[in-house]
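In the form predicted on its own, a lone chain appears below as structure tokens.
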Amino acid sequence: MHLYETAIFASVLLAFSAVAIRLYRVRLYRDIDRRLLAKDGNASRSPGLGPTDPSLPNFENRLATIADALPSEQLQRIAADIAGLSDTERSYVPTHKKGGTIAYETLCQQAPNVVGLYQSPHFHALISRIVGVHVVPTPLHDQSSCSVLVYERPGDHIGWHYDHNFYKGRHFTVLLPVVNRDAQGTGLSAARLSARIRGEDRDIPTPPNQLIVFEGAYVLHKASPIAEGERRVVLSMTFTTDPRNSRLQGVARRIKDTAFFGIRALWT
């Protein structure tokens, strides 16, 4: 076979593979969406979400925290879901990030209590009240809509960064630490969540069940390295006031997701 014939055959094969992958992922997200709609909603209607006190933390600096945000039984169910997952994707960006991530796609298939919280109308209402505007979940195909961040190897961290907004509306990040322990299991890990507020660096407490809500496009933040034998697992959720995006924003979101979830993110 001549060289140009080989090139043509390879190009056709590559194009066919790309189309097949795209069709597979379209069907996958359609099936996941149907399953989410078909659920009986028990998890999403769990009582007791959020504080019983109607007064909520101030969001003036685009960041707020709530201690003991979920009932202990619900947090335990979420922790059990996450503990049963093995599909952690490791990523490493030199000088900036090292750690593991579990994508929304995986959670939809294997972690019903996690997704139940993220899809809960009560939870949406709580976040909306905190930030002062109505928010909704970001789309199913966004792998970062609801993901798990796993820091478990020495040096796992993420440097100073903003959370880029890939949507037409305002974009908010919600973190819920599920596990945060030192090597002895008697205290918190050495990792610290820091945020720069009005030019001042502040450590944000991250014990388990501490809800952290912030507008990541405006709040510079980082997580410092974890030490030997420690473990920190954080549920990360994103919300927006308008989930629509431009074609350029969609492409940028896919490229960003490849750094966390691999090349498959290009077909989301």
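The numbering used is simple: start at 1 and walk along the sequence shown. Because the structure is a prediction, the values reported are computed rather than measured.
The same protein also exists as the form predicted in complex with a small molecule; that form is not shown, yet it is the one meant from here on.
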Worksheet, complete the sentence: Which of 69-77, 108-116, 122-130, 154-162 lies within 4.5 Å of the small molecule in the predicted complex, heavy atoms considered? The stretch 154-162
Response to the item:
Students should find that, of 234, 226, 63, 211, the residue having a non-hydrogen atom no more than 4.5 angstroms from the small molecule in the predicted complex is 234
Worksheet entry | Single option in 135, 146, 149, 82 placed near the small molecule in the predicted complex, where near means a heavy atom within 4.5 Å | 149
Worksheet item: Is the gap between residue 103 and the small molecule in the predicted complex 4.5 Å or less for some heavy atom pair?
Response: no
Practice prompt. Tell me, yes or no, whether residue 193 is in contact with the small molecule in the predicted complex, where a contact means a heavy atom of each within 4.5 Å.
Written response: yes
Worksheet item: Quick one: does residue 178 come within 4.5 Å of the small molecule in the predicted complex, counting heavy atoms only?
Response: no
